[in-house]
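Before any questions on how it binds or moves, here is one chain, the form predicted on its own, in structure tokens.
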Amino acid sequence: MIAELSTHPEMQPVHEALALGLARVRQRFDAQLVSADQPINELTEHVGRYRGKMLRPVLTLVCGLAAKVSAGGKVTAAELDGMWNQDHIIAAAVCEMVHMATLVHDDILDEADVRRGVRTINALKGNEAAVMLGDYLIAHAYDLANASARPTVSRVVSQAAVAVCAGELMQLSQRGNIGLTEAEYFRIVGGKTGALIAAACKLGAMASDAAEPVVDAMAKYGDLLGTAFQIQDDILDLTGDEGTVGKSVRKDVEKGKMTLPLIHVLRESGDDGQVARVLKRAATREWNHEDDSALGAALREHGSIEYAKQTAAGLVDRAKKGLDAVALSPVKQLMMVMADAVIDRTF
């Protein structure tokens, strides 16, 4: 997520500070999960390979800095690193731990075999072990949250976790419903993806004792970014390949999930045409190569992938404009670059 930022000289100190901060987050994350039982350690070490962009911890740390750095002037990496306290590190690790738990559980729901280029827990050890490991991660996340001096960490994360679970339950209840509306789609993804990213941003600002308008601005930034992130995920599921994306693809259609490109192509093509028939067959597991080709052709014909991209870009623009409450600095510039990176990514 932050590797490409080294090409921006003014952001180099922020980049270096984040590398230091993330190392502390990983250390706290790993230490929390150490068990006296080796089989459990093997599972948690395997989950550690799921780490990719570490978007949520990065956002917690960046929002913490943005709430502290004054406008103008130069700040060194050491000075930036000194702005984080234990509450920043704990909040970042907790958000990542809850996120990891949702990935483990998502792989069960999607019957996925690959995550971040490695075998999923359910593929290696079965659904029972995967369910319990996800629960284990969540339990440890709340135990770690209680190590913070701020009770707000547990409260904010628990509220986000409720929203994530509600979003997933809503999505499950709507599987196979090709009549899902855009409004319903956004309500689902706002919970399952936006809520935890918003919480990560909010907690970063709160750990810096930011004023309420700044905290609210950070939370909104995270919510919009999270929704845009999910739209891009939905696009990659339809257009990407497993080697590049790093996880199983084409799972949304196979599971009867109506994502934004699918909602758009169905609306544009008519609910009694070939696309509707293809999506109905997919929802009943009657999916074949011809269906895949027909859907791909329809998505291109009606510009549905481009529509989803433009929608995500609009959310990112709103997220960036909402940062007016934050002082202009290299940290704020970084937040702008990160917002764009959410929809430019290919994995």
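Everything numeric in this text was worked out from a predicted model, so none of it was measured. Under this definition, the rigid core comprises the largest set of C-alpha atoms superposing within 1.5 Å between the forms. For every residue, the number given is its place in the sequence shown, counted from 1.
The following text describes the form predicted together with a further copy of the same chain, which does not appear among the structures shown.
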- prompt: Is residue 290 close enough to a further copy of the same chain in the model of the complex to count, meaning some heavy atom within 4.5 Å?
  reply: no
message: So, residue 142 and a further copy of the same chain: in the model of the complex, are they within 4.5 Å at any heavy atom pair?
response: yes
field: Contact test in the model of the complex: residue 76 vs a further copy of the same chain, heavy atoms, 4.5 Å
entry: no
message: Just checking whether residue 162 would be counted as a contact of a further copy of the same chain in the model of the complex - the rule being heavy atoms within 4.5 angstroms.
response: yes
field: Sole residue of 277, 267, 255, 116 within 4.5 Å of a further copy of the same chain in the model of the complex, by heavy atom
entry: 255
task: Identify, from the list 169, 236, 83, 123, the residue with a heavy atom within 4.5 Å of a further copy of the same chain in the model of the complex.
output: 169
statement: Counting only non-hydrogen atoms, the one stretch of 88 to 96, 196 to 204, 221 to 229, 170 to 178 within 4.5 angstroms of a further copy of the same chain in the model of the complex is 170 to 178
message: Under the 4.5 Å heavy atom criterion, name the residues of 135 to 156 that approach a further copy of the same chain in the model of the complex, in sequence order.
response: 135, 136, 138, 139, 140, 142, 143, 146, 148, 154, 155
query: Quick one: once the rigid core is lined up, does residue 38 have its C-alpha move by 2 Å or more between this form and the one not shown?
result: yes
